[in-house]
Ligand SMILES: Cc1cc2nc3c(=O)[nH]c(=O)nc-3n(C[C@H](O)[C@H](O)[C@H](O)COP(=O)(O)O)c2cc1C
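The chain below stands alone and is given as structure tokens, in the form predicted on its own.
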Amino acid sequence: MKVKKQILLINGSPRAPHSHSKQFASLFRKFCRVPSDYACITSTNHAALCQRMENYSDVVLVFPLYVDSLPVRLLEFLKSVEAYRLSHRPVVSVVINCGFFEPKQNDVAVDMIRLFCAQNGFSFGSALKIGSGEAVLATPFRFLLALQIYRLVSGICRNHYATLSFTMPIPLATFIKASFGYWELLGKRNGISREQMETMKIEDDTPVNPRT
């Protein structure tokens, strides 16, 4: 079954409607010169998404790194794809972002998608591994990320698949300092000190009275 060049972006973020992944997908579509569509994974649309995938030459999975792995929502969808009898298997590419500074933190998750493709008859296409992904869109370096997304889109549109990486061009120490400042400010707004955030304790030891 031959399918014309068109791309389906699938957002695998647990908070897809308000996610950074949605913003990355929007930038992708802004630069895309072939027809493209966008969809979010929900708990009830796996079969419908699988059916849609058959009409596209390429599928781009856009999602955040979760505990060095894939979000559960995306994992569950991939199980459905594995069980679905596709008449056409599109090329699968990845746009993944993490809150870590180093893009290589995404490597294991990308390899999981590569393995899924190899085991289920899909061709793996391109990957864009984004470090500092939770912060970069609100910085002056946004245009540099947009440039990498443009490179990614151009390659996929021309069937020139590649692996790309991005992080903000600042020293790691600067990133860490800014990160501490962000979390301290957020903690202060919620009545939590830095010392409390640095402990592994997430609940107090106050006994709960079942009658209250």
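In this text, residue numbers run from 1 along the sequence as written. What you see is a predicted model, and the numbers here were worked out from it, not measured in a lab.
One more form of this protein exists, namely the form predicted together with the named molecule; it is left out here, but the text below deals with it.
Visitor: Within 4.5 Å of the named molecule in the predicted complex, heavy atoms considered, which of Tyr161, Tyr38, Tyr66, Phe31?
Guide: Result of the distance check: Tyr66.
Visitor: Report the residue, out of Phe100, Tyr84, Phe141, Phe116, that has at least one non-hydrogen atom within 4.5 angstroms of the named molecule in the predicted complex.
Guide: If I apply the 4.5 Å criterion carefully, the residue I get is Phe100.
Visitor: At the 4.5 Å heavy atom threshold, is Glu134 in contact with the named molecule in the predicted complex?
Guide: Result yes; Glu134 sits at the interface with the named molecule in the predicted complex.
Visitor: Which among 58-66, 40-48, 147-155, 161-169 is in contact with the named molecule in the predicted complex, heavy atoms within 4.5 angstroms?
Guide: It is 58-66 that comes within 4.5 Å of the partner.
Visitor: Which residues from 10-26 come close to the named molecule in the predicted complex, meaning a heavy atom within 4.5 Å?
Guide: Ser13, Arg15, Ser19, His20, Ser21 sit within 4.5 Å of the partner.
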